[in-house]
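As structure tokens, one chain now follows by itself in the form predicted on its own.
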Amino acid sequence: MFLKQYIKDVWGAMKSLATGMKRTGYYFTHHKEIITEQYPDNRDTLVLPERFKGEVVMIHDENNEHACTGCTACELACPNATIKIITKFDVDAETGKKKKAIDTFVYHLELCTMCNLCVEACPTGAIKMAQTFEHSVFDRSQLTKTLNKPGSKIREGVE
């Protein structure tokens, strides 16, 4: 009984090894089908899959304007408090009314799970997931980022 199980286990292991070696031999003879890439030698030409998510970034146009209204939908959607929106009230020069505006968009990359829930929750499309992936730093405080650029303001027409 024991010998029969032993032979069966050895046969299964040999069969598994042969299956793996068959796949290795296939890629050895079909070089163009290899999907792995050497890294970091090809850093400049590296093409990441479209669905890859690296970090959250705020989209600014050439006039340093963004679409974030400070609604905090992204902050509420984040399951682990990665995003902190600090708002202020701006006074409209024409109407004299106070309007809520973003002061600081704080993003804690070290807490982010790249779940994309914040991007999905944003009603104005102000943030997106970038394809950056090299985030190693020696100082953990460098992983806390302010996403709105200095002097940026909300784009006209975004409510």
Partner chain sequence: MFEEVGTTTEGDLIINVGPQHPATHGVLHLVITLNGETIKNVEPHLGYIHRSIEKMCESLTYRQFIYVTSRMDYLSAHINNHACAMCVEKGLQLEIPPRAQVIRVLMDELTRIASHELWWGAMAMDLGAFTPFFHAFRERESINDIMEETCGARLTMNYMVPGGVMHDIHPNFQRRVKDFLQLYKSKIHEYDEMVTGNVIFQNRMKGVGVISAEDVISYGCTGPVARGSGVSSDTRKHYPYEIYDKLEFDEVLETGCDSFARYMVRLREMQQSIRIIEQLIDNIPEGDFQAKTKAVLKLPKGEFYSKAETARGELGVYIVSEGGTTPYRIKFRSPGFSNLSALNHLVKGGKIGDLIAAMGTLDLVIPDIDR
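Numbering follows the first chain given and starts at 1. As the structure is a prediction and not an experimental result, all values here were calculated from the model. C-alpha atoms forming the largest set that superposes within 1.5 Å between two forms make up the rigid core.
Note that the form predicted together with the partner chain isn't included here; everything after this is about it.
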Is the gap between Leu76 and the partner chain in the predicted bound form 4.5 Å or less for some heavy atom pair? yes
Thr124 versus the partner chain, in the predicted bound form: is there a non-hydrogen atom within 4.5 Å? no
Contact label in the predicted bound form: Glu110 to the partner chain, heavy atom within 4.5 Å: no
Even though the partner isn't displayed, in the predicted bound form is Gly96 close enough to the partner chain, meaning a heavy atom within 4.5 Å? no
Identify which of Glu33, Asp61, Asp103, Glu134 has a heavy atom within 4.5 Å of the partner chain in the predicted bound form; exactly one of them does. Glu33
Checked 24-55 against the partner chain in the predicted bound form; residues with a heavy atom within 4.5 Å, sequence order, are Tyr27, Glu33, Ile35, Leu48, Pro49, Glu50, Arg51, Phe52, Lys53
Once both forms sit on the same rigid core, is the C-alpha displacement of Thr24 at or above 2 Å between the shown form and the other one? yes
Aligned on the rigid core, do the two forms place the Cα of Lys15 2 Å or more apart, comparing between the shown form and the other one? yes
